[in-house]
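Here's a solo chain for you in structure tokens, the form predicted alone.
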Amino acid sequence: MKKQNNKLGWLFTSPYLLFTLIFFALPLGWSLWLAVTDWNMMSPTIRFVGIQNFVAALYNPAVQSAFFVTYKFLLLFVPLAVAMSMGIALLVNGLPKLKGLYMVAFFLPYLSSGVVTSLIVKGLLSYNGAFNTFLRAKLGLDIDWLGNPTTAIFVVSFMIAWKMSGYYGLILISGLSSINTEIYEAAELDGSSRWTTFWRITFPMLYPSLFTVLILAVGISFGIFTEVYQLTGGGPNFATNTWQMEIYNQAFVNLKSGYASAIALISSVVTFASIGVIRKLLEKWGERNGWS
């Protein structure tokens, strides 16, 4: 009976194991092999170079720039996404009725294609777009939103935060609905203001939902590509050149697949290490607020 149950268990898990093997294990093994070779994806011969690709990547100014740009996106995108999703969650949760309808409306941008969203934003912020035309006519401002290093990274961060805020807001709403209303009633009787109630009760008790949102947002920060590719191409002056953008350029523009694989592996290590550190910090914060 035990052997039969084991066979049945392997049978039910086989689709996931097969999926993992095809779409994770095999590509990872291939990437590890490419990282120690020099191959342009067209030549019939592959030259083994050892760790040269890793050494070259670590000393490459473009790769170093991508490292810092990714953390700039992290510092801009994560607070924006959390603030916007929190605002949506509080707004919808406070509505007397039709909460589901409004939440669906906020959730719709998440379902839209990143390419389509980027093209709309690019058209809106173009020189002859409605927004810039209004700024020039009414305020006398002529801003090159995507041609300025400071505004370009902010535009990309804000756009992705807007796109993801509905999804993150849905997670936060589920957290808000799980908070016992009697706690708010007791705080009101004690004379607690709304601001104090939010920071002393709502925010700490949203820890499980906030933990999920923050980890997801951090993961997104290290995987930004579509929006940058469509809006800025990594520019101006490498201001938005992320890890993913640099990997794409090396692999498909410069045809250095081995070098690109080395950068991808380095970025993976940095990503997992960063998420691990942030996770530990969040867990410490949760422990201080009674979550263990």
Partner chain sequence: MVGHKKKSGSLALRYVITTFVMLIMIFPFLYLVLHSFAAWDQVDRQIIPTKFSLRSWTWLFGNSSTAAEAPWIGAFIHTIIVATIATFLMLFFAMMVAYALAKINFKGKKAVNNLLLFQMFFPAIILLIPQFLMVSKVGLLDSYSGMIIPTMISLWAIFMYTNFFKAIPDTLIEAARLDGANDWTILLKVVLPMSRSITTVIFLFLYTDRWTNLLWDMIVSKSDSTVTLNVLISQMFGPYATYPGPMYAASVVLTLPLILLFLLFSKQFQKGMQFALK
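Positions refer to the first chain, counted from 1. Here the rigid core means the biggest group of C-alpha atoms that line up within 1.5 Å when the two forms are laid on top of each other. A quick note: this is a predicted structure, and the numbers were derived from the prediction, not measured.
This protein has a second form, the form predicted together with its partner chain, left out of what is shown; the following refers to that one.
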May I ask you to choose, among Ala83, Leu90, Ile183, Leu75, the residue with a heavy atom within 4.5 Å of its partner chain in the model of the complex? Leu90
With its partner chain left out of view, choose which of Val36, Val63, Leu265, Ala239 has a non-hydrogen atom within 4.5 angstroms of it in the model of the complex. Leu265
Ser257 near its partner chain in the model of the complex, any heavy atom under 4.5 Å? yes
Taking heavy atoms and a 4.5 Å cut-off, does Ser261 contact its partner chain in the model of the complex? yes
Looking at the partner-bound form in the model of the complex, is Met205 within 4.5 Å of its partner chain by any heavy atom? no
Just checking whether Gln52 would be counted as a contact of its partner chain in the model of the complex - the rule being heavy atoms within 4.5 angstroms. no
Run the contact test on Thr70, Ser193 and Trp195 with a 4.5 Å heavy atom cut-off to its partner chain in the model of the complex and return yes or no. no
Residues of stretch 153-181 in contact with its partner chain in the model of the complex (4.5 Å, non-hydrogen atom): Trp162, Ser165, Tyr167, Leu170, Ile171, Ser174
Does Leu18 show a Cα shift reaching 2 Å between the shown form and the other one after rigid-core superposition? yes
